[in-house]
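Given as structure tokens, the chain that follows is alone and in the form predicted alone.
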């Protein structure tokens, strides 16, 4: 009996042990399945995160802010050192530029949006898309609002430029720097052609913040080169630029200089067919940049540009002409709600030369001289002479700027800069709005700027 009970007990124990192992095996399988599911879930999450991170890596955010104090030689001066001073104002604080830029770079395609935030409000600076062909990767197409492809100074970023502002020449001919249109760019990456580049585009020709208002389109192009001489510590860049366009006259009165007269003066053509016709806006320019590493002192840069051409403007201004944006002093009348502005045709020229010397790793010395002659066919004595009809838009200016830059760190720099501005002294018989120009205006400007860039 005892032997039977022992055998039964042994069988029960063996059965229970087997049952326990079986149950444990089932539990282990369930646990393994559960862990496997968790791992698969983590893998899916990691893949999703990687996809998101890959997309975020393509987004580049940058920006800079320029806070400055300015003091003018006298109150209410017109200025190209950051805009005219308001009435009775001699000094001011400004946020000259407050840029925020988003660039989505997908290798062969780009999306760019840049805003400018200042005390005056928010404005669009850049808004364009760009695509590059995938075979040789040397040709690209850009469309939207972007820098006009002319010369050097237009596309040289305001955050990198040593002088606080672009020259009077470029501010007059290319206000705002940008334009709405499309361009093709050829920039080979390898081979002997990699030393050359070409940009060419078609634009509305009405400024970047204005809608098209005529049937004309403007062409802008630049053929450039880059020549490095690494062993000599020297590099030479340069190019030739062309701007050809037209301005639609909203008045039948077109003024041009009469060169047949002993006195330089404007003659008027009032042919009725002038109304709605197109008149030339043609610019041509050379630019050159030299970079040299001066032993012991530091790197030096010498830049210069020379421009000439034909500009259609108003009697008081030779600035880039847009009839919809004409100032009240230029408007002769308003017909059916549209501004009527007489056109003044001028042959202009201008140039600048800019020298920058690095001193050590943190300091830079700046010297810049620019000249703008809006009407090269006349002299200072012609302006204001009886019967000449020459006006403020014909006065020649020159500006000498000297400055110092201190780089606090990789983000912050301080700029001290002074502009000496000289205008032609017009005919002693000049009256009215021209009378102040019988002497040099007191319009020099001191600029103290702090810039933060990221």
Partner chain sequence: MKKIFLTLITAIATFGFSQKGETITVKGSDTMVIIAQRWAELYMSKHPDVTVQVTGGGSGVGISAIINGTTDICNASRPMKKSEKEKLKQRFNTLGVEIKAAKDGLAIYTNDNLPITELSLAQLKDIYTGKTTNWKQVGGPDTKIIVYGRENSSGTYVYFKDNVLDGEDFASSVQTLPGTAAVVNAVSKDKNGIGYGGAAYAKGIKLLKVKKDVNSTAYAPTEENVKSGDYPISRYLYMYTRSRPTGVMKEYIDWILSKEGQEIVTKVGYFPVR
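Numbering follows the first chain given and starts at 1. As the structure is a prediction and not an experimental result, all values here were calculated from the model.
Another form, the form predicted together with the partner chain, is not on view; read the next lines as being about it.
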In the model of the complex, which of the stretches 313 to 321, 361 to 369, 344 to 352, 213 to 221 has residues with heavy atoms within 4.5 Å of the partner chain? 361 to 369
Identify which of 240, 104, 292, 100 has a heavy atom within 4.5 Å of the partner chain in the model of the complex; exactly one of them does. 292
Checked 276, 86, 123, 228 for heavy atoms within 4.5 Å of the partner chain in the model of the complex; positive is 228
If you check in the model of the complex, is residue 397 within 4.5 Å of the partner chain, heavy atoms only? no
Answer yes if any heavy atom of residue 407 is within 4.5 Å of a heavy atom of the partner chain in the model of the complex; otherwise answer no. yes
With the partner left out here, check for me: in the model of the complex, does some heavy atom of residue 339 sit within 4.5 Å of the partner chain? no
I'd like to check something about residue 263: if you look in the model of the complex, is any of its heavy atoms closer than or equal to 4.5 Å to a heavy atom of the partner chain? no
Can you tell me which residues in 175 to 202 come within 4.5 angstroms of the partner chain in the model of the complex, by heavy atoms? 188, 189, 194
